[in-house]
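The chain below stands alone, shown as structure tokens; this is the form predicted on its own.
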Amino acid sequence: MTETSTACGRLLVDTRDNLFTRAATLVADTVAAAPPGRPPVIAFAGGSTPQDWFRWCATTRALPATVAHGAHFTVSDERHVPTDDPQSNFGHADRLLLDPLAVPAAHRHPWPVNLLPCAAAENYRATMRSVADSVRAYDLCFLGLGDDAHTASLFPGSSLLRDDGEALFAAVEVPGKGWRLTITPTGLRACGLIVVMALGAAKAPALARVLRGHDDLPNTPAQILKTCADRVLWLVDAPAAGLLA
């Protein structure tokens, strides 16, 4: 295991199982540290690595039973599809982790994809205001890293990187990908801890661009994390970190 500082946050390089254990510990610690009467809001990411982690948590029972009733759960970005759609980020979290944990329905907060995108974002903002700390978007926010260096639904060229209207959450139409619902740059800066998981050699070029490349936010959206680096932790395996030397 190695840990170093970068302009985008702390970088922890370790084995997959150790990284999964660290992620589970962060969830449990966030719940344990919450003030009485205010369960924290924990947002998961989409993608294959989170799905693997959900399955691992369910199989190993890595999360204590207190987590189920001790937090509110959501996802940091979502496709505008029903939760039973194979592309739904919340759908995967729901089936692979929240169901096995027996999380109460009142503590599950999918984006309201039954509404039109902009209305869904506004409705979600209201929901988060009702369950979250007034100054935070999420207490613990998990993110992924795309091969094109996007994170959440902040893709290269996204208008949200230029101006998000200081909204914590927004709907945005992504060319070729349809509508997305996502935490914004302002929202990321309003989070407690942000954890980015990037595993596998396929992530190495994007990770190197984000952490070692020149500043190019429009084309390397994950560099937005420089604006809140003191609260960002990267969980990365050796293959993903292979181009950082």
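Predicted, not measured: the structure shown is a model, and the values here were computed from it. A residue's number is simply how far along the shown sequence it sits, counting from 1.
Separately, the form predicted in complex with a small molecule exists; it is not shown, and the next lines address it.
- Contact with the small molecule in the predicted complex, defined as a heavy atom within 4.5 Å, holds for exactly one of P100, G146, P117, P156, namely G146.
- Note on contacts: among H92, H150, H80, H72, the single residue with a heavy atom within 4.5 Å of the small molecule in the predicted complex is H150.
- Stretch 43 to 51 is the answer when you ask which of 186 to 194, 58 to 66, 43 to 51, 29 to 37 has residues with heavy atoms within 4.5 Å of the small molecule in the predicted complex.
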